[in-house]
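In structure tokens, the next block holds one chain alone, the form predicted alone.
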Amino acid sequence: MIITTPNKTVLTEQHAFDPTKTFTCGQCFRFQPKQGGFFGIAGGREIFVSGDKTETVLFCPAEDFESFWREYFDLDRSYDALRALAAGDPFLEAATEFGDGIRLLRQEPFEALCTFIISQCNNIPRIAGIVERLAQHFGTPIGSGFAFPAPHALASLSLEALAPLRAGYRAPYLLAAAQAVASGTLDLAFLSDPDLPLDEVRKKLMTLPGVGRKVADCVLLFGLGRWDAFPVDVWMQRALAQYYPAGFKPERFPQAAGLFQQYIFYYIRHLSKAHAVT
């Protein structure tokens, strides 16, 4: 059930939205802990989210919830049937149970492209810091924060202008991405077409400097809504090597591969003896 008032929306358990899991599972870097919840900006709007899977409260104007946040948080999709696809796979069952409450965010494609370029050989706190500095220096003010900058706002900058970000070797990649998108060389709106072959879109993304398979798959999943993408980083390599020595085939779950990737990623990073599956 969704209960909406002018400045607050309450989600009940059926939506299985756990803010802590969703905002700390590595898919997004613009939601930060604040006053017992999470404050974030996306789509030129700010929001404060609190609660847990049992009851989640979104503090935002009702019109923003309906026009933006409802889709951004993927609230009209039931994850139960997708989670059921893990049946018969002990590790995947444990991962989906542990990660229950994660919702895949439908992020703005250019923001996802930039943030996952920044994510290369990086940790989550440092990624979040670079992304926040990027918004502060080049984004427009939104309430108490800043929107993520548009491609044209970055495309004409110099590397010297990006120095305050402390992004290191990633700075030229950010400029190249902004220039490609601003010029139309990389048409993210076109690449958002779900009917395009996954490999075709991936190859197009990988024409950008600094965008390899992992970054491209993250952009596919988190920015372009391609749930058939399955990003593999160091954490995922560890999980797959340990629990699937004969190989894991994400193509078995074309509608849920990306969701399972998030469950596995979140689980392997938090795994303890109490949660281990043998």
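Counting begins at 1, following the sequence as shown. Because the structure is a prediction, the values reported are computed rather than measured.
Beyond the structure shown, there is the form predicted together with the DNA, which is absent from this document and is the topic of what follows.
Judged against the DNA in the model of the complex with a 4.5 angstroms heavy atom cut-off, the residues 53, 57 and 100 are out of contact without exception. None of 182 to 190, 122 to 130, 135 to 143, 83 to 91 except one has non-hydrogen atoms within 4.5 angstroms of the DNA in the model of the complex; the exception is 122 to 130. Only one of 233, 46, 228, 64 comes within 4.5 Å of the DNA in the model of the complex through a heavy atom, and that residue is 233.
Remark: residue 270 does not count among the residues lining the DNA in the model of the complex, judged by a heavy atom distance of 4.5 Å or less. The DNA in the model of the complex is approached by residue 167, whose closest heavy atom lies within 4.5 angstroms of it. Contact annotation for residue 209: at least one heavy atom lies within 4.5 Å of the DNA in the model of the complex.
Shown alone here, residue 148 lies farther than 4.5 Å from the DNA in the model of the complex, counting heavy atoms only.
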